[in-house]
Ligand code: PA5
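Starting off, we have a lone chain in the form predicted on its own, written out as structure tokens.
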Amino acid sequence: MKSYHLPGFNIELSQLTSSFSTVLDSTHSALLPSAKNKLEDKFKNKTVGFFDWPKTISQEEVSKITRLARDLKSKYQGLLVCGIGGSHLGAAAVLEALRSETEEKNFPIFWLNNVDRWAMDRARTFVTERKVACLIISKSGNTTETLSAFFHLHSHLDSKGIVIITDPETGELRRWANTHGYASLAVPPNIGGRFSVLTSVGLLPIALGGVDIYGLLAGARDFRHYSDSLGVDANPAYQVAAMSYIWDTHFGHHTQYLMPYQSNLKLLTDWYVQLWAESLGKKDMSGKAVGPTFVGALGTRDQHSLLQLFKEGPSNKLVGFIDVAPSKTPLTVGPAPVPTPDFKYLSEHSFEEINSKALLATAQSLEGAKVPTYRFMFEKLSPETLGSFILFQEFACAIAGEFYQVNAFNQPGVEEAKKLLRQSL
């Protein structure tokens, strides 16, 4: 089976398997049982918690987050979020995809995720022009960039509007919350930052952005139930992980793109890149460096800048697409300002139709050049769809970690750079 209908979206994988089906099928069969058993052991002994989280998060915690978001929005005119990497990308991606223009206007959010001078100047302007709430998000409680941003801006903030999201027991931020009375939420110890979007790390900023976190969690639970109902060979998350691994290690397709055709999904690819790159780009059990290079692109913008490279450049790429089904109220192009017979056909189409046809044309062109592709089709953009998609990606990434024989849940290379930065300061 090469096409799958999941909660909220479909996957078309036929182009990943058509060229080398025999090799792919045999390798796939050899990899799956061991990967499945190893990953299930991690879930059972609770060393890895992201997959169970949508089912185990308590109603009380979700209600607490919802009440806190409602209270902050009633008292403040905007939100400053100090967080980086996994403390930023997931929530920001969900809000970029789903947040309404009205919400953006009425309750602006400033994401301070890079502490260069340009960003700090604008953050300072943001917090001095309005009364804002502030989220400080760091699982370790010691992230240099996040702490330095908060130190610089804290004098402009109301301490009653500050919420710390960090480890429940350890770290400097937890000590501050315990001793100085800051409101706080806990990050589950067995869920790493890049897997944490469905925890308080993502849920509170998403709720403050006006998006339904109950729907987000419900979508994730729907995927979990769907996944539990399948055998290994029929699970599309295992299929995607195996195809990514095999195209990288057996056929040399070391650069792997994810390319949505909707502008408000670009941050979703940034989250995807961090999730997969930080999880897989490591040394395996034998000491060999492994892992593809993951890249986010945006159609049709990057179709016009990268398609030539994809088609006639080195044969080392794999391209995944994301499409969204047309809405019930499509936006039509309309008539040209002057009579233009050669382009009259354009006036009859919606932008959604043009966009979708551009995706299919790009995919067809790449297939003709024997570039492996696959496609996600979202039924619509909704909290439920994104919740399902987020847990799907996290699960597939964790499976790929077992294929590569790496620990998908640590980041030793990142930790070394953090230590070197602290030492240099």
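Sequential numbering from 1, following the sequence displayed. On a predicted model such as this, the values are computed, not experimentally measured, just so you know.
This next part talks about the form predicted together with 5-phosphoarabinonic acid, which is not shown.
Engineer: At 4.5 Å between heavy atoms, only one of the stretches 334-342, 235-243, 134-142, 68-76 reaches 5-phosphoarabinonic acid in the predicted complex; which one is it?
Structural biologist: Going through the listed ranges, the match is 134-142.
Engineer: So in the predicted complex, does any heavy atom of D248 sit within 4.5 Å of 5-phosphoarabinonic acid?
Structural biologist: Answer no; every heavy atom of D248 is more than 4.5 Å from 5-phosphoarabinonic acid in the predicted complex.
Engineer: Would you classify T300 as touching 5-phosphoarabinonic acid in the predicted complex, given a 4.5 Å non-hydrogen atom cut-off?
Structural biologist: The answer is no: T300 has no heavy atom within 4.5 Å of 5-phosphoarabinonic acid.
Engineer: Any of the heavy atoms of R224 lying within 4.5 Å of 5-phosphoarabinonic acid in the predicted complex?
Structural biologist: Although 5-phosphoarabinonic acid is absent here, R224 would stay clear of it in the predicted complex, with no heavy atoms inside 4.5 Å.
Engineer: Looking at the partner-bound form in the predicted complex, is K2 within 4.5 Å of 5-phosphoarabinonic acid by any heavy atom?
Structural biologist: No, K2 is distant from the partner.
Engineer: Would you check whether 5-phosphoarabinonic acid, in the predicted complex, lies within 4.5 angstroms of a non-hydrogen atom from each of Q274, E278 and Q411?
Structural biologist: Yes, all three are in contact.
Engineer: Work out which of I84, L307, A183, M120 lies within 4.5 Å of 5-phosphoarabinonic acid in the predicted complex, going by heavy atoms.
Structural biologist: So the residue touching 5-phosphoarabinonic acid in the predicted complex, by this definition, is I84.
Engineer: Can you pick out, from P188, P260, G193, P292, the residue that has a heavy atom within 4.5 Å of 5-phosphoarabinonic acid in the predicted complex?
Structural biologist: Selected option: G193.
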